[in-house]
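In the block that follows, a single chain appears as structure tokens, in the form predicted on its own.
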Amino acid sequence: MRSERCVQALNGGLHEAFERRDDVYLIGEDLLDPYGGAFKVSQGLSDRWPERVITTPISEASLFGVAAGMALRGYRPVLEIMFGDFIALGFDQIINGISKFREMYDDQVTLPLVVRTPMGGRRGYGPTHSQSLEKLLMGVPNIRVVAASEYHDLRAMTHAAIDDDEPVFLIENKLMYGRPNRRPENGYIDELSVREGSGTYPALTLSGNDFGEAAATIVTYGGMLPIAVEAATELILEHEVFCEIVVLGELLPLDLAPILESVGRTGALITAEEGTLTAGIGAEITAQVTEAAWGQLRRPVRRVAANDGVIPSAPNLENMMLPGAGEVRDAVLALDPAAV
């Protein structure tokens, strides 16, 4: 198993993709070495393949249009949007073009476009550089929304996104970049048992007691993974309460199977996301689980998310806005696990 940080794994995956495919191009702002992108995921690519790394002016709407055109012409562009907040500038291209071209042209074209972008706060970047907007993509047909996490195989996830014939939005949490990309060894990460789901972008299910009796299923993704693990660890050590954590690899289309499997064991569901609460991804998950497994839920579902408001720059105020391990812990304890 490689010992590398998440930024190195993502960067390595891009280098490997450039090596094995000559139709892969990188397009975005401030990509050229030695800078190599704002978070260094693209570092080294322009030195090795200068003709296939296209640095651009600041115009996200234009970038989406150019990348879509390249994909229609048979290339596999990887579009780096420097901050996930700026996907809003490309929404017309996404909703009225990228997501529709294949069906509009009667399946005679594909659009193998990857949009890589960092999301999330906790770095003091303020209201317009700290949001988690992936929920805005959830109602768009014919695209994939993939959530990278530090427990997923990020090299494999990068390859899968580039090889995918559907448009893929690869969401990367900012805090994840500097952390180790940790993969299960012999079915474990530290003391947590890990089961990997099926599919191209599999979910991971974690357990602190080898999938014995548990009080709740916590469904999360991306940057909320370490927060959910911190909460689950505290629940074990301080309250002797065990939970299962389902870490989604793909948000859209949503694979309910690993969630339903876990809820079938625990009978309780909590969702945890860094985006705002109203109309969040957690709302969609809880609605689908309630429809599919109403009889298995023994407690009301609970959602943990950011407050509905603007994210401040000041660290103490930002921490008050975004969900932490305490909120996840309290959501579990509010279920009264002793009665489950």
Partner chain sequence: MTSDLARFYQQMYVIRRLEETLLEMFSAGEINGTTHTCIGQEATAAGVISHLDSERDVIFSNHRCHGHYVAFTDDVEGLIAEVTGRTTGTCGGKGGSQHLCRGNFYSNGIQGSIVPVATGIALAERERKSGAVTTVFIGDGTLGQGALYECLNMASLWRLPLMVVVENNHYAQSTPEELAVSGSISARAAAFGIPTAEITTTDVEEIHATAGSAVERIRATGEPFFMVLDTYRFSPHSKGDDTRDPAEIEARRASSDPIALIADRLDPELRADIEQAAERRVADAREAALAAPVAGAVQA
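A quick note: this is a predicted structure, and the numbers were derived from the prediction, not measured. Positions refer to the first chain, counted from 1.
Not pictured, yet referred to below: the form predicted together with the partner chain.
Only one of 152-160, 203-211, 172-180, 117-125 places residue heavy atoms within 4.5 angstroms of the partner chain in the model of the complex, namely 117-125. The closest non-hydrogen atom of L72 lies within 4.5 Å of the partner chain in the model of the complex. Contact check for E240: every heavy atom lies farther than 4.5 Å from the partner chain in the model of the complex.
Although the partner is absent here, E103 sits close enough that one of its heavy atoms falls within 4.5 Å of the partner chain in the model of the complex. At the 4.5 Å threshold, heavy atoms of G65 reach the partner chain in the model of the complex.
Contacts with the partner chain in the model of the complex, taken as any heavy atom within 4.5 Å, map within 35-51 to Y35, A38, K40, E51.
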